[in-house]
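Shown next as structure tokens: one chain only, the form predicted alone.
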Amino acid sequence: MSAHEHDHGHADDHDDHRGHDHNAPPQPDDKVHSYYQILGIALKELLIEKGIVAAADVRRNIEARDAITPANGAQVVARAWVDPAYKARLFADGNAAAAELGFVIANTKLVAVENTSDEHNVVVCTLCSCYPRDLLGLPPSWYKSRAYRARVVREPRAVLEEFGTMIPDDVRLRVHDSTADMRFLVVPRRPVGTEGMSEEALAALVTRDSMIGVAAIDPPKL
């Protein structure tokens, strides 16, 4: 396997995304879920009208979801950096390891992947915008864009360069394709010069983009 090969993180490559054309040209950004957003709004209004759910409960759940930030994922990463046993549990069972820190991820499998000096990982959802929202919050607009979803599979090094992330040619680059059932969390490389930092201080260094894999983490300024 060459250093340039793109591993999409599935058996059978894109078993869950049959019929998706990775060679299609990038399209302008649009509302990826526009049809489903309309359908969701109609369903919500119908459930409220029938008295099955209360509007206040819907609002509270939306607000709770919107309040989730990448700080959750940063806590997971920082713990993995300082606790080798936790790191091993995270790679063995991402859901259970996240739950140890109070982040319960239901209905989807969380897979943690690690960036090293030999391998760099980046995450995409080529079909829509599947994303570990319980750890990272709402996905950024560029993650949902057709351009990112198509290009990062075909030319990941070029895309990462546009984010300011240069991946050497001798570093293997793996592109992981999220699905409705599986989400990925990138554990970025721990920056040099952080050996004496507390877990809380380390978590403050971890960014959303580093946990998607489009950015690295800069060493702290002394």
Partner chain sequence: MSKFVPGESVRIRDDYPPGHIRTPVYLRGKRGVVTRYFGDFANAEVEAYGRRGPRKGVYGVLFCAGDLWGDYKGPAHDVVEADLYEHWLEKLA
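Source: prediction; values computed, not measured. Positions refer to the first chain, counted from 1.
Just so it is clear, the following notes concern the form predicted together with its partner chain, a form of the same protein that is not shown.
Heavy atoms within 4.5 Å of its partner chain in the predicted bound form are found in one stretch of 37-45, 177-185, 52-60, 190-198, which is 177-185.
Using a 4.5 angstroms threshold between heavy atoms, V113 counts as touching its partner chain in the predicted bound form. None of the heavy atoms of I68 is located within 4.5 Å of its partner chain in the predicted bound form. Proximity of T126 to its partner chain in the predicted bound form falls within the 4.5 Å heavy atom cutoff. By the criterion of a heavy atom within 4.5 Å, V159 is excluded from the residues contacting its partner chain in the predicted bound form.
Residues are counted as partner-facing when one of their heavy atoms sits within 4.5 Å of its partner chain in the predicted bound form; in 141-172 these are V153, R154, P156, R157, D169, D170, V171, R172, in sequence order.
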